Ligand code: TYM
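The chain below stands alone and is given in structure tokens; this is the form predicted alone.
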């Protein structure tokens, strides 16, 4: 019986404080996979990728540190997961260049995220265009076998698999053909425009950050849209009920004496028309605030102790670098460098 643990690689850009959409869409799943003990985990902060955006050097430096603290506070355990800053690992950009030389431009032109980002920024750079190749290098550097993704990221993982095939065909079998690990990622919608996905780009009041204090959470949820025009269940109500279901463990009494959960009670009330949206919002605000109470405390502690945070990230980078060095030695030998 094989003791091999499948290798999982994933990362996140340091583009701002993490919000509950990031948590339910990625971070919680990483922690669950890590704690299952079934996988060899590599989680990185994609600071090289973030250069394709608009942050200043000072903003990038500060946000990279904050994102590291937030992921650690959310449960990423450096004893169980190799956790590091992408830019600290020599070889990522080198491997990306080598893979650039194998990837047809036509494959990059069809990437939907490239089209979306170009439209948002109203400009295009070579970095945005070749972004998926650096992403492939990030994964293949650690011989990543699986990448946990939602539906909208499958295309990038498929390209990584294709790039591995092109490399193996030209130089001999070396990289695994990475597969996507499709995860259940609840679609968290904007509080004020529940027909749009929760995103900081819409504005601060559209999102609940994991670090928001209870009073801030309460005010944001009070302003959340519930009733909208048109028949059927309102998207804002669907969103609030889904959030209550995900975070009701933060309530002191998530289950009533009847055995019903808080979520079940509000779903029933919504169906029979007796729901009080003010009460739902109060309950949800308490649930989210309590759920992330430990997170807020750990985050604050890490940000107050930069030496401790720096050591964690240095140690993670040292572990990752050993693997990257071995991978790049093999790549160079195969391609003739």
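Numbering follows the first chain given and starts at 1. Here, rigid core means the biggest group of C-alpha atoms that superpose within 1.5 Å across both forms. Since the structure is predicted, the reported quantities are computational estimates derived from the model, not experimental observations.
From this point on, the text means the form predicted together with the named molecule, which you will not see here.
Student: 87, 130, 82, 185: which sits within 4.5 Å of the named molecule in the predicted bound form by any heavy atom?
Tutor: The residue from 87, 130, 82, 185 that makes the contact is 185.
Student: Work out which of 164, 149, 237, 73 lies within 4.5 Å of the named molecule in the predicted bound form, going by heavy atoms.
Tutor: Contact residue from the list: 149.
Student: Out of the stretches listed (40-48, 270-278, 288-296, 306-314), which one is close to the named molecule in the predicted bound form, meaning heavy atoms within 4.5 Å?
Tutor: Result for this chain: 40-48.
Student: Find out whether any non-hydrogen atom of residue 13 is located within 4.5 angstroms of the named molecule in the predicted bound form, and reply yes or no.
Tutor: Yes - in the predicted bound form, heavy atoms of residue 13 and the named molecule come within 4.5 Å of each other.
Student: How about residue 302 - does it come within 4.5 Å of the named molecule in the predicted bound form, if we only consider non-hydrogen atoms?
Tutor: No, no contact at 4.5 Å.
Student: With the partner left out of view, is residue 33 within 4.5 angstroms of the named molecule in the predicted bound form by any non-hydrogen atom?
Tutor: Close contact is absent here: in the predicted bound form, residue 33 is far from the named molecule, nothing within 4.5 Å, heavy atoms only.
Student: Taking the named molecule as it sits in the predicted bound form, is residue 179 in contact with it (heavy atom to heavy atom, 4.5 Å or less)?
Tutor: No, residue 179 is distant from the partner.
Student: Which residues, if any, of 18-32 lie within 4.5 Å of the named molecule in the predicted bound form when only heavy atoms count?
Tutor: In sequence order, 19, 21, 22, 25, 26 come within 4.5 Å of the partner.
Student: Can a Cα shift of no less than 2 Å be assigned to residue 81 between the shown form and the other one, given superposition on the rigid core?
Tutor: No; residue 81 is a residue whose C-alpha shifts by less than 2 Å between the shown form and the other one when the cores are overlaid.
Student: Quick one: in the predicted bound form, is the Cα gap between residue 186 and residue 266 smaller or bigger than here? Answer closer or farther; it shifts by 3 Å or more.
Tutor: Here the pair is closer than in the predicted bound form; there, farther apart.
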